[in-house]
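Form predicted alone, single chain, as C-alpha cells, below.
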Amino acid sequence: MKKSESNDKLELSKAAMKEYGYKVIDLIVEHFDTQDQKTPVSQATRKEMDNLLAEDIPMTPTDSNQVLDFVMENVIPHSNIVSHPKSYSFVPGPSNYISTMADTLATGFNIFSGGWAASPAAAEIEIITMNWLLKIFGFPPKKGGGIFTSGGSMANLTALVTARRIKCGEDFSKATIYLSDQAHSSNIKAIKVIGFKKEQIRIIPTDSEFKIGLNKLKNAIAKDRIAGYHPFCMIASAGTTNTGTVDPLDEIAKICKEESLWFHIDGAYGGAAILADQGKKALKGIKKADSLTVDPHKWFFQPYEIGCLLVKNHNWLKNTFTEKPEYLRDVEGNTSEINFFDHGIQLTRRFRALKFYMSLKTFGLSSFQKAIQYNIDLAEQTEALLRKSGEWEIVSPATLAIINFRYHPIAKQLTEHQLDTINQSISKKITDKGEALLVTTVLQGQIVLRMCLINPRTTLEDVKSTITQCTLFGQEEIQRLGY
C-alpha cells in the first residue's frame, strides 16, 4: 500500500500480499540461517528507545514496505536473540522453523481455538497433542486432560485455581500452601493473584542440593494443623530455574496422599527431560501429581507462547472454569466435543497446539529425545571442562542441562566479597561485549555464573570460547583490583 492511498478495507492486492509475504519469509529464513553469526545481546536505555521509536499516532498511511524496513532496522535488532547458541541465561528459547511457520498459519488463518463449534479441527488437534503429553508423563490417557496456555505462569495459575476449588471450596481463609525457597516466582504470583495472604504461604528451606527439606515440610504441615489451619496444596519443582534441581517427587507424593494435599508439580523447565534417560530417572514420581505444568516453549523447542497444564481428571478443569452465558448457548456441543474455554481462564484463544503438532509430526519424537539428551550431555561436558581448570569452581553441578559455577582461582586467597565482585564483573563484561548472554544468580549467598544449555545448536566449542573469554575477564579484574 502506497503512502498516498487510503484503505478503509485494510486490504492489499493479491500481488502486493505475495510480494510482502515473500519478503517477510525471506527475512525469517535469513535469520534462522545466520543467527549464530550475530551477537545475542542487545542493550538500550529507555531514553535511547524513546528517541528511536516514539512517535504520535499515525493518522495517514505509510508504504507497507517502508514500515517493514523500519521494523527490521530499528525494532528487531534491539531484542536479544534467545535462540542464539550463546544465549545461556534465564531459560533460552531455541525454537524451530516448522513451529514458526505453523504459528504463521494459525495467525494467517486467524483460527479461534476456544470452542469446538468455531474450529472442530483445532480443538481435535489440541486433544490429540494433549493426549501425547499425557502419555509421555504417565497420566491417565482417558480420564486425564489439560490445556495449552500462554506459558508456565498461566498454567500454574490455572492449576492453583483448580486445587483451591477442589480442596477448599468457597472458604479458603485458613488454607495453607507449601513450596520450596527454590520454587519459581510465578507460583508466588499466582498464589497472591487468587487471593491468598502472605501468612498462608509456607516457604520451605532446601538442603545443600537445593531440594526441598522433607522433614521441614512435614513439620510445617503438622504445625499448621495444630494451629487450626487447613493445609491444602504442595507445589514441587521438577527442574528449578536456578539449578535444574528436581524435588524428591515420590516422597512428596506420599506425604500429599497421607495429608490429603493437592500435589502440583511445576515442571515448566525440567519436565521435557523425561524424554532422556537421566531425566526420566530424575523425574521418577512425576506421574503421581494431581496437576503438572510443562512449558513447550522451553525444552520442547517451541517458539513463544505455549505453556501447558496436565491434570489427572479433565473434569476438574471443566467443573472449575465452565460458565454458561446466553451468547454461548448454541455452541455447547456434546461431552466429547471439548470447548477449551471451559477448561481454563481464556475465552479467546489462539491455535497454540498447531505448532506443537506440526513440529512433532515433522521431526518425530525421537529427534526431540536426541536433542534433549544432547543438552544434558553438553552440560556434563561443560562441568568436566571447568573441573579441569584451577580457576573455576563448580557451585551446583550439571543438572538437567543447567550448571552454576564461579571464577575462583585456587592460587589466590580471595574473600567471598572479592569473589562476588569478580564474578559480577565477568557477567557484565561479557554481556556488554554482546558475545554471549551470561548472567548471574545467587546460590547459598554466593554470586555465581549460570549456564542453561537447552539449545540443541549450542556446541562445546561455543561453551569453550565463552569460558575462555570469561577467564580473561576474571584475570583482568583481579589485576585491576590488585588482588
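Each residue number is its position in the shown sequence, starting from 1. Worth saying up front: this structure is predicted, and the values here are computed from it rather than measured.
Only in words, not in the display: the form predicted in complex with another copy of the chain, which the text now covers.
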Original post:
Does at least one non-hydrogen atom of residue 188 fall within 4.5 angstroms of another copy of the chain in the predicted bound form?
Top reply: yes
Original post:
Should residue 93 be counted as a contact of another copy of the chain in the predicted bound form, where contact means heavy atoms within 4.5 Å?
Top reply: yes
Original post:
Would residue 288 count as touching another copy of the chain in the predicted bound form under a 4.5 Å heavy atom rule?
Top reply: no
Original post:
Can you check whether residue 417 is within 4.5 Å of another copy of the chain in the predicted bound form, heavy atom basis?
Top reply: no
Subject >> Stretch in contact in the predicted bound form with another copy of the chain, which is absent here, among 222 to 230, 387 to 395, 256 to 264, 95 to 103 (heavy atoms within 4.5 Å) >> reply: 95 to 103
Original post:
With the partner left out here, if you bring back another copy of the chain in the predicted bound form, are 411, 472 and 476 all within 4.5 Å of it by some heavy atom?
Top reply: no
Original post:
Considering 313, 153, 182, 278, which brings a non-hydrogen atom within 4.5 Å of another copy of the chain in the predicted bound form?
Top reply: 153
Original post:
Of the residues 358, 214, 166, 175, which one places a heavy atom within 4.5 Å of another copy of the chain in the predicted bound form?
Top reply: 358
Subject >> Those residues of 111 to 132 which, in the predicted bound form, come within 4.5 Å of another copy of the chain by heavy atom >> reply: 111, 112, 116, 117, 118, 119, 120, 121, 124, 125, 127, 128, 132
